[in-house]
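Given as structure tokens, the chain that follows is alone and in the form predicted alone.
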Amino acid sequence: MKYKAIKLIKRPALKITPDIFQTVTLETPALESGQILLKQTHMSLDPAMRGWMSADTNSYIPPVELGAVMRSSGVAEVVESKNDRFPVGARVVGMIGWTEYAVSKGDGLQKLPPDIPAEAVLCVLALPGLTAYQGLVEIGKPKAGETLVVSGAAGSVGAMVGQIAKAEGLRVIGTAGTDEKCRWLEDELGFDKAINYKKDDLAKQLAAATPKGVDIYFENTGGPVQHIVFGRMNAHGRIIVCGMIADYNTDKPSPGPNWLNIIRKRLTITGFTMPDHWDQVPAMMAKLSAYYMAGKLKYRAHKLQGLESAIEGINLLFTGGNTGKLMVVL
């Protein structure tokens, strides 16, 4: 059976352009013992992919090799199996790649319950939810009554961070790039305040929204929000650095805050990525499932249609053009 896949054939310059990819037609091989054939149904597009495409070998995960299928997570159905752990008809989530079909031995795949839709899996149980839970709960150690600020709050990770924080009894402030996104955060997700960071009075708005200062800052974006919130951190505050999306498509990273405040306020600043925590994924998925089933985690998906829509569509992540978790429906 023939299927399409997309390979990375060049490293991107500043921006991701279509010429760095090549669409190929492949044929599904005969399975060997222990292997399964996966038909991918939903493919996740995430900001981290920008780093995976680069030549940087000092990052937290090796770059995608040129000529290899582009890396991504997704939801798939087992359509052929020579592995007793993954019978035909089972649904799984894991790293599958930009491809319609894939062969796997099951390493790194998590079996999914039948009652959770694929969209909810990618929005809640996969990388966004896992990243949010690990960063906020395991690293941030939130306490009820504390104030959290999350940048990129309408993004796939930020939206989960804010809702988990609300479920844990925190005051939650989010920043986003449009008034519509801010309304969604407040009206649908229950944020205490959402602020459009593109408005001129950003510092004034953040000060008004955090009268008792900031205990936890979940950083997804960098940019001007970072400096303002850094100046409002309380003693023993925690800053969780998850992403710097404002710097991903620039050749010169923006300057960070002065370290003097780290001493004055005895701040803890922790950068993290999920590959360090894969062993905890089953336990975290169980916690996230409980939040979801209790109605505490809402989401919205921005769906592209067809494998090749990923080639142009991935740039929505860096222009703010996506409204919700970006994914491709195959």
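One rule holds for the numbers: they count along the sequence shown, beginning at 1. Predicted model, so just to flag it, every value in this text is computed and none were measured.
Omitted from view is the form predicted in complex with a small molecule, to which the following refers.
Shown alone here, G313 lies farther than 4.5 Å from the small molecule in the predicted bound form, counting heavy atoms only. Although the partner is absent here, R183 sits far enough away that none of its heavy atoms falls within 4.5 Å of the small molecule in the predicted bound form. In the predicted bound form, the small molecule sits within 4.5 Å of a heavy atom of C242. Using a 4.5 angstroms limit between non-hydrogen atoms, K198 touches the small molecule in the predicted bound form. A heavy atom within 4.5 Å of the small molecule in the predicted bound form is found for exactly one of V281, M274, V64, I269: M274. Though the small molecule is absent from this view, in the predicted bound form it lies within 4.5 Å of a heavy atom of just one residue from S73, Q163, T99, T131, which is T131. Residues placing heavy atoms within 4.5 Å of the small molecule in the predicted bound form fall in a single listed stretch, namely 215-223, out of 215-223, 113-121, 201-209, 165-173.
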